[in-house]
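As a starting point, one isolated chain is supplied in structure tokens, in the form predicted alone.
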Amino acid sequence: MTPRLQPGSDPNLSDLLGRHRCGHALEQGFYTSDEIFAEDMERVFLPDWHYAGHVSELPNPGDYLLFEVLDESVILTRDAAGDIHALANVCRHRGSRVCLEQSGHTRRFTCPYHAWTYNLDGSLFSARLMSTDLDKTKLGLKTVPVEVFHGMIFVSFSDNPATFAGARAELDPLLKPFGLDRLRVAHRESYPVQANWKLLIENYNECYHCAPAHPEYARHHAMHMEFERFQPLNEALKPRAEALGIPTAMIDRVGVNCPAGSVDYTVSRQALFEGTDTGSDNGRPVAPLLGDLKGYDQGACDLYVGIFNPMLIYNDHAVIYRFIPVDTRTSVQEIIWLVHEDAVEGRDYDLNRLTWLWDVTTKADKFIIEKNQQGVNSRYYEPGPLAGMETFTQRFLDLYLDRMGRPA
């Protein structure tokens, strides 16, 4: 029987790793220990790449927005040359936050504490009343690794982040028809969840729960079916997609399939049920077609860039999920809906119809995930075996355990 945690005890990471049984859920301590949460953040979460915004949110030189997670705050800026920068929002004088507004437009950033002023690229413009021999070239805002990939801005808190080279080479031709760099954010919504961050990702990565928990999703999406029933729909999708110039190749570079030094990435085109054009209340379109698309093939793309940024690309809109740890038993699930850059709310789409499916689905997820955490907290919790439809959850757990230092 799995050892139970005593009140106030903190499990040892090596013991938890050593006791894990392949093909099973994680031990209790992985979801309840503050010590493990701290290790999670340093070994797994912060070093990965995180979706921080879309280029449409920084259309002009001088535009900026903040990306914040845990204790970190990053200023995303577009400079006069059009380049995007990611700057640590920490003054080089005594550490104050420099930028306090969530978004805006400015020529320079001035620290509200002692008025040190920085250019849009982070270089120090002036240090008020400091010595004339101060070397300003060494006191600019620290830069944070940043990548712009098909219009999506990613940041990492690693000193040596994974490269995007492989993702660009393999994914560029598959994503080009959707014109992801020509989208704009239609809506963002955050859903606080009283659960450990891993439970959110485990849930997202399997559709074993979709039929009982998500009748609205299951009405038009076939992923909740067994492979033998689902695969013929994918085969039928291919000629429809080919006729519209939509690639259906599957690329899988996650975990053990990921080349050394590369960001994890995967993309696949999955069939919706026959007669379903998009993810909506009735399967009918909710917004103008994306990019260069000329019609509906009754499919959708699942895209991952990094393990924390799943994206679902329909023909007429896209949905990005973010899983944000807050503390050991608190997380936030954020959704960003994107539409064609020229789409106008009220004319080209109704916001309620656009957001309905994934709003109702995420609220249902919040409920089941919080009940999952409550059960995991129990002295009677013991990791159970994973089902065949939880293959991608198993893959996430393997990747997580390897990054946490599981012996080979």
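Predicted, not measured: the structure shown is a model, and the values here were computed from it. Quick note: we count residues from 1 along the sequence shown, nothing fancier.
Another form, the form predicted in complex with a further copy of the same chain, is not on view; read the next lines as being about it.
For Arg329, a non-hydrogen atom is located within 4.5 Å of a further copy of the same chain in the predicted bound form, even though that partner is not displayed.
Contact annotation for Arg379: at least one heavy atom lies within 4.5 Å of a further copy of the same chain in the predicted bound form.
At least one heavy atom of Phe37 is located within 4.5 Å of a further copy of the same chain in the predicted bound form. Although the partner is absent from this view, Ser96 contacts a further copy of the same chain in the predicted bound form, with a non-hydrogen atom inside 4.5 angstroms. Glu72 is the sole member of Asp292, Asp79, Asp302, Glu72 with a non-hydrogen atom within 4.5 Å of a further copy of the same chain in the predicted bound form. Only one of Gln333, Asn203, Asn119, Gln298 comes within 4.5 Å of a further copy of the same chain in the predicted bound form through a heavy atom, and that residue is Asn203. Heavy atoms within 4.5 Å of a further copy of the same chain in the predicted bound form belong, among the stretches 267-275, 206-214, 333-341, 313-321, to residues of 206-214. Contact residues in stretch 82-121 (any heavy atom within 4.5 Å of a further copy of the same chain, taken in the predicted bound form) are Ala88, Val90, Arg92, His93, Arg94, Gly95, Ser96, Arg97, Leu100, Pro112, Tyr113, His114, Ala115, Trp116.
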